[in-house]
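Next comes just one chain, in structure tokens: the form predicted alone.
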């Protein structure tokens, strides 16, 4: 990656951060803290050349599949999809409003979203099935990606999918864990500790890498390398992130998931520069 390319990714990440704050300012029912931790992951996937997609034909058969299992925490995807031409930028002004297509919980009415993403714990299974289907079709180098939160991995269905993927040697499956260590009502370790998550996944036969999820260069490189590996094992990238990143009162707060920053704080933060 050249210095100019790295600067471009960093600039996009900060722009998405500000735009996400602006969306929450207009639609306070959106989950802001959960949507600030995966920003660099989305930027790496969409601007870093990792995912294969076509904004003019979002369901093109040749695309990579990306299942956003933690849908409530992907409001930061809205400005990215608008910027890339999946839908008109004016939709960003109608989030959670009558007549708009962008809700507090995204669904497939939004170009660029593959699945309904309300109830947690299902996305990994869908992605595993998708990866199996791509393998059975011998679909070139197409792959399936899925984003979950670490709290979502408390769901038993996730571990069924983890075992299924290993059993079927799904090396077209790429799991990205937004590991912000905070679930809905407490820090994850105080609800059900996942311990050394990398070792747990490895014990199930997965290929696992850990990265600083807010280092957009490192995250892009790790995602690209993960996609390139095809060694008969499903792959996972554990991205260490911060829930509510950049917003005082949300960072490292156990209840960040359900807190809403004051409008005047959001206004001040949106004036910040990289």
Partner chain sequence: MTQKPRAMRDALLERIWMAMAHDERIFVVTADFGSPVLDRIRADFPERFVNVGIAEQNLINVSAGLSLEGYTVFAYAIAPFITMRCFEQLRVSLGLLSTVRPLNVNLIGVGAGYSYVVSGPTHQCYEDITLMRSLPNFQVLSSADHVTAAAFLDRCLQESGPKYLRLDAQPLPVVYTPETGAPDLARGFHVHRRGGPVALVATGYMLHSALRVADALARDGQPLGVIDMFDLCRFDRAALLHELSGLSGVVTMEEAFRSRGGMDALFFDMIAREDLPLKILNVGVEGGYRFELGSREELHEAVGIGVEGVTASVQRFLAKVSGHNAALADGFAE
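Bear in mind that the values here come from a model prediction, so they are computed numbers and not experimental data. Positions refer to the first chain, counted from 1.
This next part talks about the form predicted in complex with the partner chain, which is not shown.
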| field | the partner chain contact in the predicted bound form: residue 126, any heavy atom under 4.5 Å | value | yes
| task | Please run the contact check for residue 164 against the partner chain in the predicted bound form: heavy atoms, 4.5 angstroms, yes or no? | result | yes
| said: Using a 4.5 angstroms cut-off on non-hydrogen atoms, would residue 59 count as touching the partner chain in the predicted bound form? | reply: yes
| request: Please run the contact check for residue 93 against the partner chain in the predicted bound form: heavy atoms, 4.5 angstroms, yes or no? | output: no
| field | Segment that reaches the partner chain in the predicted bound form - one of 145-153, 189-197, 70-78, 116-124, heavy atoms within 4.5 Å | value | 116-124
| query | Which pick from 84, 101, 133, 105 sits with a heavy atom within 4.5 Å of the partner chain in the predicted bound form? | reply | 133
| Of 229, 240, 63, 26, which one comes within 4.5 Å of the partner chain in the predicted bound form, counting heavy atoms only? | 63
| Does each of 109, 157 and 168 have at least one heavy atom within 4.5 Å of the partner chain in the predicted bound form? | yes
